[in-house]
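This document opens with one chain alone, in structure tokens, the form predicted on its own.
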């Protein structure tokens, strides 16, 4: 009986509850109760889709990572705008990025981060989860793209997930 009252995905439950409160027209007793019911019920109903619990071991590093990514998004936006407005032709390239990450959630976060940053997009994850195919709008070389992603994002994710 106690297993049915627990939260199998506590971070998902917390996120769902907070999102529900933001979407409600103000915090009230009813919105809190319904938010708690949704925060418990949705993870219970989707539990079969989660093969294992996410392994975010050092969760306190996530806010610093998010600030770093947001800063990179702003900087990359200006760089892409400058590239588009200039007469120089971009040197676009597809790059195969070898992964050091092994955790599926960490790979998903990295792929999402790459796609959120203007000028790059994750095109594919290899079937063996050992590499990403990335399209870069303007790249001097494959090594430059790999070095940049590894130092800016993957190392930080390795610290958080492994």
Partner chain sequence: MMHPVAEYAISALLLIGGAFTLVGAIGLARLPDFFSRLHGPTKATTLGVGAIMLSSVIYFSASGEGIGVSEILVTVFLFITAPVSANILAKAAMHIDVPPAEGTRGNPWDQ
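Not measured: the values here are computed from a predicted model. Residue numbers count along the first chain shown, from 1.
The next section is about a form of this same protein that is not shown, the form predicted together with its partner chain.
Worksheet item: Which of 127 to 135, 41 to 49, 27 to 35, 58 to 66 has heavy atoms within 4.5 Å of its partner chain in the predicted complex?
Response: That would be stretch 127 to 135.
Discussion item. Given that its partner chain is not shown alongside this chain, does residue 116 nevertheless sit within 4.5 Å of it in the predicted complex, heavy atom to heavy atom?
Written reply: Contact with its partner chain, yes.
Worksheet item: Would residue 104 count as a contact of its partner chain in the predicted complex, using a 4.5 angstroms cut-off between non-hydrogen atoms?
Response: Flag for residue 104 set to no.
Worksheet entry | Interface membership of residue 139, its partner chain in the predicted complex, 4.5 Å heavy atom rule | Looking in the predicted complex, residue contacts with its partner chain include residue 139, since a heavy atom lies within 4.5 Å.
Item to complete: Heavy atoms within 4.5 Å of its partner chain in the predicted complex is the criterion; list the residues of 71 to 105 that meet it.
Response: Stretch hits, in order: 73, 74, 77, 78, 81, 84, 85, 86, 87, 89, 90, 91, 92, 93, 94, 96.
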